[in-house]
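The chain below stands alone and is given in C-alpha cells; this is the form predicted on its own.
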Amino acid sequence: MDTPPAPVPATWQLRLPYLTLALFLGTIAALVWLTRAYDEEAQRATLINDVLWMEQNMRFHLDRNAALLAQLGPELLAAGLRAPSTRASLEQLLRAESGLVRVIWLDAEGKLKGAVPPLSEAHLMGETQGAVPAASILRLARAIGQPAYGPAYEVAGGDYHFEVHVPLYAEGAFAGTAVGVYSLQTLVVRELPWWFSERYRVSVLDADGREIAAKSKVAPLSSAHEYRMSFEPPGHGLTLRITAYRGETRWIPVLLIGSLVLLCGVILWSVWQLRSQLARRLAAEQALRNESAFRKAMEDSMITGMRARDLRGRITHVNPAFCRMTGYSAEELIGRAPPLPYWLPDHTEQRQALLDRLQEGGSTPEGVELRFRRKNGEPLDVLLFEAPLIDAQGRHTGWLGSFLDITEQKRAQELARQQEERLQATSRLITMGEMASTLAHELNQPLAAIASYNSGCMNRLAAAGEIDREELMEIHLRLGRQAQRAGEIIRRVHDFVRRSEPKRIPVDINVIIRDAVDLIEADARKRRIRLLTELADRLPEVDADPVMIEQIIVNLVRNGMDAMHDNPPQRRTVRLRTGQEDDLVVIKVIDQGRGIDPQTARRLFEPFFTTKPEGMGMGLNICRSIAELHRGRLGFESNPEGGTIFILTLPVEPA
C-alpha cells in the first residue's frame, strides 16, 4: 500500500524555532547588558554618595578649624603664647590630622603679632610672592565678618598651601585676624579615612587642570568611574577629582554571565548540530522519496507480477502486474492467508506442499510452473521464482515471489507439441508407406503358409481312411505359429503407426532395438542388407516412450540402408550397438555408406533439409526433437571404416 507523502510545513512554521531562538538569545543578551548597566549605575551611585560624604566631612572639618581659630584668636592677640592653655590649644589645632601647618595672628591694623611656627622665607613661593598672609583676603574677611579662604599657592617642597582668614572681634569691635595656613597635601592625606583611600584616588586640580595634590601616588587603572566637583572652600578654581580603583571581582555576576554565555554557546552549537542533522535527514528523506517513486514507477511498468508474503503465508504486498494477472485488486489480496482465492480448488494441497517446501528449501532459483485461476475463472499458467525476504537486521520476515505469465507460452507449447506429435505420426506413416510392399510380402509368407496348411488339412479330412491325429495336431500347431507371426507383424505395425500421447515408462533399450530390427528386417532382406546387433548385457532401464525411441532406431537404420544403396553386397551391413557410459545409455547405429560431407553435416538436422530426391527432410529433425524431449542427445561422427555412426544417448536418471 502506498504511503501518503508527509505534509510540507508552512514557511512560518519552519522559521518559528529560529525566531524563538533569536528572541531567547536577544533576551539573554539584554539581561546581561541590563545587569552590567545596573551594576555600573550602582557603582556610580555609591561613588557619588561617598564623594558627597567626603565633601561634607571636609567642609565640617574646615568649619570646625575656623571656629577654633575664632575661639583661640582673642587669646593669642591678648597674651600671645604665654598662657599654657593657649599653647596647648594651639598645639592641638596644629596637629597633623587638622591639615593646618601654621597659625598666624594679626592685630586690627594687620600687623603681624605672632605665628606658630614662625614665618620663614623658605615657605614663601608662588602667587603670594611673600605676602603671607595675603592682604586681599585679610580685607575680604574683615569686610564680610566671616572666615575667608585664599587661593592655593606653591611652597617649597612641591606642596601647595591656602589660607583661611578668621576675623576677630572684642567687645563688638574688630580686634584682628587669625590666619590658618592649610597644606593641601596634608589635608587630603590626613583627612580622608583609610577605607575611602582604598576605594578611591582623591586628587586636587588647580584652575588649569594640573594636579597639585593627591591622596595616592598610584594612578587609577581606569577612568570609567570618575567624579569631579568644586573644592569649596577654599574655591578659587580648585577641583576635587575622585577616581574609583578597580574593585574586587564580583564572581557571582561574572559566573552568572559566564554561565549564560556558555549556555547560549551550547544552545547555538546544539541548534547548529540539530539543523545539520535535520538537513541530512531531510536530504535522506527526499532521496528516499525519489528512490521510492522511482521503484514504484519501475514496479508499475513491470509485466512481471510481484507478491510478498509473511512467514505465515499472508500476502503483504502485490504489484499492479500481479493484480492484472489474477484479476483481483490489491485490497482483495493483501492480508489473505492460504488457501488463496486464485488457487485451483483441487490444487490446494499441492500449493500448500509447495509453500512447505519453500519454507524448508529457502528459494526456487530454477522456477516452478504453477497453474492458477483468474478471477473470471480462466486458467492462468505462471512461472514462479521465490526468494526469502530479509530485513535490515538480517531477519527472515517472509517471501518475495515473481510471477511470469506463461499461459500463452504454455498454449503455444501444447500446440507445438500436438503438431510435433502429428508430424511424428505422419513420419511413421510415411515410413510404413515406404515399407508397405515389404510388410505385405512379410505378411504374405505366414498367410500363404496358413492357406497351405489349411488346404493340407482339408485334403486329409476329405481323404478316406483313418486320420492321423498326430499329423493333424502338428499341422494346426504350424497354423497357429504362422497366424501368431502374422499377428505379431500387424501388432508391430499398429504400435508403430498408432498416434498416442507420449508416455514414459521404464524400458529396456535392447528390447526396443530388437522390435525395431524385427520391424525393418524384411526391408533389409529385400535390400540385401545385413542387420547385426551388438547389445550390451545388464543395460539399465531408462524412462522413455518406446514407440518414439523405436521411431528413432527405425529412421537411423533406414537412413543407413539408404546410404549403402550403391555399396557392393559385402559392404552392406548396419550394426546396432548398445552400451553404458557413466549415467548414459548409448545407442550407436553404424553404417558403411558414403558418409556425410561437411556442408551437409552443418545442415543435417535442419527441418526440410534432405539429400534424398523423395525425402521430406523431417526425419532427423524429428529424431533429434524426440531425443531432446527425453533429455538425451543425437549426434553423429564418421566411421573409421567408412560411413557414419549416429549416436543416441539417453539419461539413466528419470527425466
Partner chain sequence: MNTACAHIIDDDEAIRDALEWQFRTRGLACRLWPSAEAFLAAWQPDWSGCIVLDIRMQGMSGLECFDALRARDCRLPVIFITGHGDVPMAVGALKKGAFDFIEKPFNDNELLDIVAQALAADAERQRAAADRETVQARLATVTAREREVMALILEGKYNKVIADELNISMRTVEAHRAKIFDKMGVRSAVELAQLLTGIRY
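Residue numbers count along the first chain shown, from 1. Predicted model, so just to flag it, every value in this text is computed and none were measured.
One more form of this protein should be noted, the form predicted in complex with the partner chain, which is absent from this view; the next part is about it.
- This chain is displayed alone, yet in the predicted bound form one of Val507, Leu344, Leu447, Val271 has a heavy atom within 4.5 Å of the partner chain; that residue is Leu447.
- Checking Gln482, Thr243, Ser402, Ser98 against the partner chain in the predicted bound form, a heavy atom within 4.5 Å turns up for just one residue: Gln482.
- Proximity to the partner chain in the predicted bound form, taken as heavy atoms within 4.5 Å, picks out 455-463 from the listed stretches 80-88, 455-463, 263-271, 490-498.
- Using a 4.5 angstroms limit between non-hydrogen atoms, Ala170 is distant from the partner chain in the predicted bound form.
- For the chain shown alone, Ile475 is a contact residue for the partner chain in the predicted bound form, at least one non-hydrogen atom being within 4.5 angstroms.
- In the predicted bound form, Ala451 approaches the partner chain with a heavy atom inside 4.5 Å.
- Using a 4.5 angstroms threshold between heavy atoms, Ser437 counts as touching the partner chain in the predicted bound form.
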